[in-house]
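Heads up, the chain below is alone and in the form predicted alone; it's given as structure tokens.
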Amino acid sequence: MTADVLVSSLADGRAPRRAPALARTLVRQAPGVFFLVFLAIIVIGPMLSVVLWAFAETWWYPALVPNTWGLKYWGETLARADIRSALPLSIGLAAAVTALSAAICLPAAYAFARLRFPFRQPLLLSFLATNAFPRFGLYVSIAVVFFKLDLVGTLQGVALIQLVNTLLLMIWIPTSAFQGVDRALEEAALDVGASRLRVFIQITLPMVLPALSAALLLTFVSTFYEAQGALIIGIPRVVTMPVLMYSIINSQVIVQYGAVISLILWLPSFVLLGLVQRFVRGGTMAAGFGV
């Protein structure tokens, strides 16, 4: 029966008509497929190259993959005393700056969301200032002040310069989250006798927790990867992983060292994104910026 149907369709000319239709579909979708492949090469290509170099012991042109695989350069990289000291320093510093930023910015974000005071909008927009100007020039200006305060080359100075970079995320996202809370729920809880502290803990906080988690995550990751401020303010006594990566890449001709350090720097953000991925889904980020 199947053969009879096939023969009948060929006789009717239906099969030949499907080929032009398929060709037209491929022609219409060709630009989209081309740009998709091009984007994949641009984005995934460098990342794949870093991963391959990290596990390559020898890789000679024109081979498309390493000639010899191994963990030789992982052992050499992790055996360096400067890396063993810089990695925990970077993680601890990023955690401390994130906690300090949360302690300062979250109450301010709540005030921006719930209070109406003079110059509220200009003050809120002023946190864009650190991102509206070239970072290097801003850091140099701050370094002049820090030098007079004897903060250059200190852990406190690096923490303060990195704290400046966290203000935008830790103010704007929580502010919009607090603004999005249904005030009727809070007022209903107050009407039945709940205290304001209990209303905040049991009603307000759970509703804004996804946006707050996203802000904390992005703040930690951006602080962990921050290099320019740490380089200008911290050198020579405070050396974080991104700063150390600059010096190793500039002074070494071994590509594997840079690839291994790149993966080490990438690992914390990958783990954090995996742990809190449910907090940054949907419209959390868009709502955070008031879009």
Partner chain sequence: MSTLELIGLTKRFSGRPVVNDVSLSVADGEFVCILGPSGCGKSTTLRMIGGFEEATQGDVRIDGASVLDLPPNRRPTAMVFQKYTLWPHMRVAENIAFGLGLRGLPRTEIEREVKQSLALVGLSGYDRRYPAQLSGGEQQRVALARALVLKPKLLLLDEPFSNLDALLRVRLREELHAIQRRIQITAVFVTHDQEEALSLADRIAVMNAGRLEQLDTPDQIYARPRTLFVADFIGQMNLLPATLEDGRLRLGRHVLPAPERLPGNMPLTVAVRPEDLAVVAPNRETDPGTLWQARIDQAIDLGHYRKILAFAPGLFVDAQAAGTVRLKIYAPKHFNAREGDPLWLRPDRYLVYPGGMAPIEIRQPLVAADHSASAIVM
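Because the structure is a prediction, the values reported are computed rather than measured. Positions refer to the first chain, counted from 1.
Unshown form predicted together with its partner chain; subsequent notes refer to it.
Proximity to its partner chain in the predicted complex, defined as a heavy atom within 4.5 Å, holds among 75, 88, 206, 122 only for 206. Looking at residue 84, you'd find every heavy atom of it more than 4.5 angstroms from its partner chain in the predicted complex. Contact annotation for residue 184: at least one heavy atom lies within 4.5 Å of its partner chain in the predicted complex. In the predicted complex, its partner chain stays beyond 4.5 Å of every heavy atom belonging to residue 145. Although the partner is absent here, residue 99 is not a contact residue: none of its heavy atoms lies within 4.5 angstroms of its partner chain in the predicted complex. Along 189-224, residues 189, 190, 191, 192, 193, 194, 195, 198, 202, 203, 206, 207 each place a heavy atom within 4.5 Å of its partner chain in the predicted complex.
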